[in-house]
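First, one chain by itself in structure tokens, the form predicted alone.
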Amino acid sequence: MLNAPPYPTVLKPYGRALVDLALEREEILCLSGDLTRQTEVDLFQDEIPSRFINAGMAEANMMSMAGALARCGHIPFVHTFGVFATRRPFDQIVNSVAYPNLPVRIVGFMPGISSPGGPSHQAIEDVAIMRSLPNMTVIDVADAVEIRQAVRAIVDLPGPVYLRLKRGEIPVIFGDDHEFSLSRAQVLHDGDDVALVASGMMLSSSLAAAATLEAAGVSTSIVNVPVIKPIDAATIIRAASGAKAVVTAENHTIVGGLGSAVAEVLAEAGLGRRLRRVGLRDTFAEGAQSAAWLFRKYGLGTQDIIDSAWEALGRTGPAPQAPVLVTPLGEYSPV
């Protein structure tokens, strides 16, 4: 079951889920790169202070600490913004975490251009960086339901994990019957004209785009891909095989992320389909007070998905226009 937009929101679903799990599992430790409240782990610090470590603004050292703690039998969950979780400490992740294949869970907040802080704070290449590492699982979840389920799913997963999370008010897109899977992508709707393949914050926009396309007579399938590595190639191939075109949507550069992963799947399967990738087009963005403004400026909005699908299918005339939703306070609408 899917909720209808605008979506209800919750605060700190990750922080609450981690505390609940840690109360059951004594081997879980929480590390913060001096961004404790900003990454929701102030809840952990308040409720389980004996297993909370503020490593300070020294992310490289924090990753090395996490690797050492994992060698001692702990399961460290490491928290900071996505740029500081990947770009800054990459060498330590490689040598202290990924190469020894240790159970360190790296949690990066403010993905893609969702940060107002400009290029220094926008994790636009984190999926590409982490996807390139052997042993690393890469997850980009879409809502609060998937967040809560993913925390439990990854705790006993062998090897390291990179979990990408939106900050702030988190939408509730899925119903209680939703089941997050580490091995399977989810086909949320079947169609035979275009397959929309989305991850993370772009799922809500893809759902909105699909509704507009369907109303204009375009049969649309929607594939939610929360686990980008290892990617569920079989589900993507089945969805693409039943469609005339494929559109990927990601809050990330189109170089090396979900769009690249889907392109690799299609190419290796020998499946010839028109592919369009919606994402940041090999450029840095800028700072802004509104993430929605940035998404629209850089081509990551609902209308951009609609336009890409329309063009890929070779439809004539102007593409249908996505409706503008009025978002009450405390709710979340697709961009």
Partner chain sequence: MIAGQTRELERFADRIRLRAVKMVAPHGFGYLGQALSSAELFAALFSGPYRRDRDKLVCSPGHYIISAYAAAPDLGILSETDLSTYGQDGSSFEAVGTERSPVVDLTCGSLGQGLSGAVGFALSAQLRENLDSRVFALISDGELEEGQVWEAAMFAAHRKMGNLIVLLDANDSQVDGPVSSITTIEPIAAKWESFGWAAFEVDGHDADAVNHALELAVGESRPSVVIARTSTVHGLSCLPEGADGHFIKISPELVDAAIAELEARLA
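Numbering follows the first chain given and starts at 1. These figures come from a predicted structure and were not determined experimentally.
FYI, the form predicted together with its partner chain isn't displayed, but the following is about it.
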Are any of the heavy atoms in residue 175 no more than 4.5 Å from a heavy atom of its partner chain in the predicted complex?
-> no
Report whether the minimum heavy atom distance between residue 65 and its partner chain in the predicted complex is within 4.5 Å.
-> yes
Would you please decide whether residue 189 lies within 4.5 angstroms of its partner chain in the predicted complex, comparing each non-hydrogen atom pair?
-> no
Examine residue 91 and determine whether its closest non-hydrogen atom to its partner chain in the predicted complex is within 4.5 angstroms.
-> yes
Only one of 34 to 42, 274 to 282, 50 to 58, 293 to 301 has residues with a heavy atom within 4.5 Å of its partner chain in the predicted complex, and that stretch is 50 to 58
So which of 219, 95, 241, 149 reaches within 4.5 angstroms of its partner chain in the predicted complex, heavy atom to heavy atom?
-> 95
None of 87, 74, 184, 229 but one has a heavy atom within 4.5 Å of its partner chain in the predicted complex; the exception is 74
Stretch 20 to 40: residues contacting its partner chain in the predicted complex, 4.5 Å heavy atom cut-off = 29
